[in-house]
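For reference, the chain that follows is the form predicted alone, supplied as structure tokens.
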Amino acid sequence: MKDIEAPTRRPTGPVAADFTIDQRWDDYTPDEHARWDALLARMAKLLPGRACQAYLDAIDKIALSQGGVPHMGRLSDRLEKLTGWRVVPVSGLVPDEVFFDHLANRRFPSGAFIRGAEEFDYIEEPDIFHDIFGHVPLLADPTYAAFMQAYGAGGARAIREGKLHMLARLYWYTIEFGLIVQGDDLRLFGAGIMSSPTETRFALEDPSPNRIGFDLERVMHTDYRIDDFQESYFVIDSFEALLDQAYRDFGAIYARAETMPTYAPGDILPTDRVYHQGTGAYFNKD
């Protein structure tokens, strides 16, 4: 290992070539452990009836409960027995090729710092609560875990062909902000929603955003917002259906990209399966 001066919100010590670090779990303060418990308790009240059942079941499977900031090594030992995935601490955002390599090898990179009290409701960069509470539980679901690995395996090709922005849109509208059909209802599964108390309500219940049936190429040609709630959320039928899409030949999709338009975040197309056409009231408030 070698020391790399990487942007960080918490002292990291040596950083390995794959950008992993020692979590330094013993260095978390009582206040940081209490902050994790408070964040978790708040979301635990909001997610029943909103989060998909697979996510709620996974919380129990990996024993992600109150008791302070999780120890990533012990959490990984439980997760690995279920699907072969491990959680690896990193100092912050990592280069794209490193990120994809971790996913392709069933390693999920997680930030080690936890947001400050002043960022309790909103934080711009992913912290340990977003990464572990939002992303990690569904890695205990075998089908979703396979999708994440397949997504990572596709990263090298996207970089090589100059289509990383298209693959990023798929990540954004599924892994971060995806909805799923459950029975006759829509439920949440995206990590960006799961770790946000306000977006948890907004994504399902607010009349402003569109809720549109998932179509791979449609999603890969749709811009997204990084500074606010989403104008559109895409709805998958199941994790099995999402995994099937990940096994498609993306080369053909990339080849067609030059002749296809890029859609704005709030667009609705004549070909869309629309679960809810948004009013746009939230986004037009100014």
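Computed from a predicted model, the values in this text were never measured in an experiment. Heads up: residue numbers just count along the shown sequence, starting at 1.
Not pictured, yet referred to below: the form predicted in complex with a small molecule.
- Using a 4.5 Å heavy atom cutoff, none of A58, A63 and L188 lies near the small molecule in the predicted complex.
- In plain terms, the part of the chain that comes close to the small molecule in the predicted complex, with a heavy atom within 4.5 Å, is 87-95 out of 180-188, 200-208, 67-75, 87-95.
- In the predicted complex, the small molecule sits beyond 4.5 Å of every heavy atom of A158.
- At the 4.5 Å threshold, heavy atoms of Y151 reach the small molecule in the predicted complex.
- In the predicted complex, the small molecule sits within 4.5 Å of a heavy atom of A168.
- Looking at Y144, you'd find every heavy atom of it more than 4.5 angstroms from the small molecule in the predicted complex.
- Only one of F113, F133, F100, F214 lies close to the small molecule in the predicted complex, with a heavy atom inside 4.5 Å, and it is F100.
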